[in-house]
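Okay, so here's just one chain, in structure tokens, the form predicted on its own.
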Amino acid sequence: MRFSLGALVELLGPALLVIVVGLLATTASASNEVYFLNALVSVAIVVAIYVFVGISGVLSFGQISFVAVGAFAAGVMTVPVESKKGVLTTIFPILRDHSVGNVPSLLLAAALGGVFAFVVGMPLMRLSGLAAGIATFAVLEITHNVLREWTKIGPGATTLALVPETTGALQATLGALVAIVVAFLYQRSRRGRLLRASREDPAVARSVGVNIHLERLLAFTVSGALAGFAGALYVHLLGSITTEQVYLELTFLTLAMLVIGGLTSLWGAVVGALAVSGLDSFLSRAEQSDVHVIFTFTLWQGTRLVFLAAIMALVLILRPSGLTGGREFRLRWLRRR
């Protein structure tokens, strides 16, 4: 009974935080609503990254490639057929002549993200450390170049526009909650515990029969599916997208969110995503126009990335385990009991 109640609290903590942000989005002005929605989509992306990087302990720079695949797949398949025939004239006929609704596009993006992660993960999940980081970065580079140059599957280097903007407060909140629940169930499952054991001591895990390659591959696949799903939420939030928007800047930003919040906990992923997203939105607004906090100021373009990099370095120096200490959400009175 204590285990069940404790597990419920672990899930309710991040879930309630996301619901509060979703409710704030419904009460915010039209100009500020987008910041709350962006924070919720960031939660979905960072939680997807956490499922692999946080639980396995293997650094990956390639998870945003699954976000990109999901975003472009959902975007291309939800643009109305009449519009595609006019602006996406070079894509495959099966893509040009068919269109799907909002929910099917989310499921399609999740499926493609999971399949893509499984395929590239089969050889890569035997790697760890620096080799794994470099290999997954190569996946990001390859994905970026394929999406940018191959006009048979998308707009190429131009903007994919006319995507239905269906990610409102409800869909963004539900999407973030789906990512949180899936991540929570996975980390609590036998597979998640085996993967966490391999993170803590690979040699001991192998000695008791843990197939580390298989466990990492499964986590990589689940992470890819969630990332593809989050990519679909992202493109339906923006209404248009380019390959540069799902490339290096988003990779750095989401990893910073995970590290600052707490790399090894779901609670840390959610807290980091919301905190850094809020700061990033404020700094981005300060780059575009004057903002007033005690005094009025404006930032130079690109300053926000310098600030975020400095904050991440400061957190790593002063609190390496992140804002949450790498721990899940707990209630003190329940822990004492």
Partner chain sequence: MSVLASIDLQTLGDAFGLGAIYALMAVGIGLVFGVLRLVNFAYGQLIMAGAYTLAYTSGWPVAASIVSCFAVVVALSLAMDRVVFRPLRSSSPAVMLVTTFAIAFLLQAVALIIDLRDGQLGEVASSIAPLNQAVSVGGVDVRKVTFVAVGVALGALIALALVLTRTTIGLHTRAAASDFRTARLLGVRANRVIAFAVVVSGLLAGAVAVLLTVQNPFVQPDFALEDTIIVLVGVVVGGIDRLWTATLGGFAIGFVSVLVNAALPTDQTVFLPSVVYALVIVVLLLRPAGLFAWGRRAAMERV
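This is a predicted model, so every value here is computed, not measured. Numbering follows the first chain given and starts at 1.
Another form, the form predicted in complex with its partner chain, is not on view; read the next lines as being about it.
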Could you tell me which one of I142, L214, V81, V87 places a heavy atom within 4.5 Å of its partner chain in the model of the complex?
I142
Heavy atom within 4.5 Å of its partner chain in the model of the complex - residue from A131, L170, L185, A157:
A131
Out of 233 to 241, 170 to 178, 105 to 113, 204 to 212, where are the residues with a heavy atom within 4.5 Å of its partner chain in the model of the complex?
204 to 212
Within 4.5 Å of its partner chain in the model of the complex, do E249, V259 and A313 each have at least one heavy atom?
yes
Find out whether any non-hydrogen atom of W150 is located within 4.5 angstroms of its partner chain in the model of the complex, and reply yes or no.
yes
Determine whether any heavy atom of P123 comes within 4.5 Å of a heavy atom of its partner chain in the model of the complex, and answer yes or no.
yes
Using heavy atoms and a 4.5 Å limit, would one call P320 a contact residue for its partner chain in the model of the complex?
yes
Indicate whether F137 is a 4.5 Å heavy atom neighbour of its partner chain in the model of the complex.
yes
Within 4.5 Å of its partner chain in the model of the complex, counting any non-hydrogen atom, which residues from 57 to 76 show up?
L59, F61
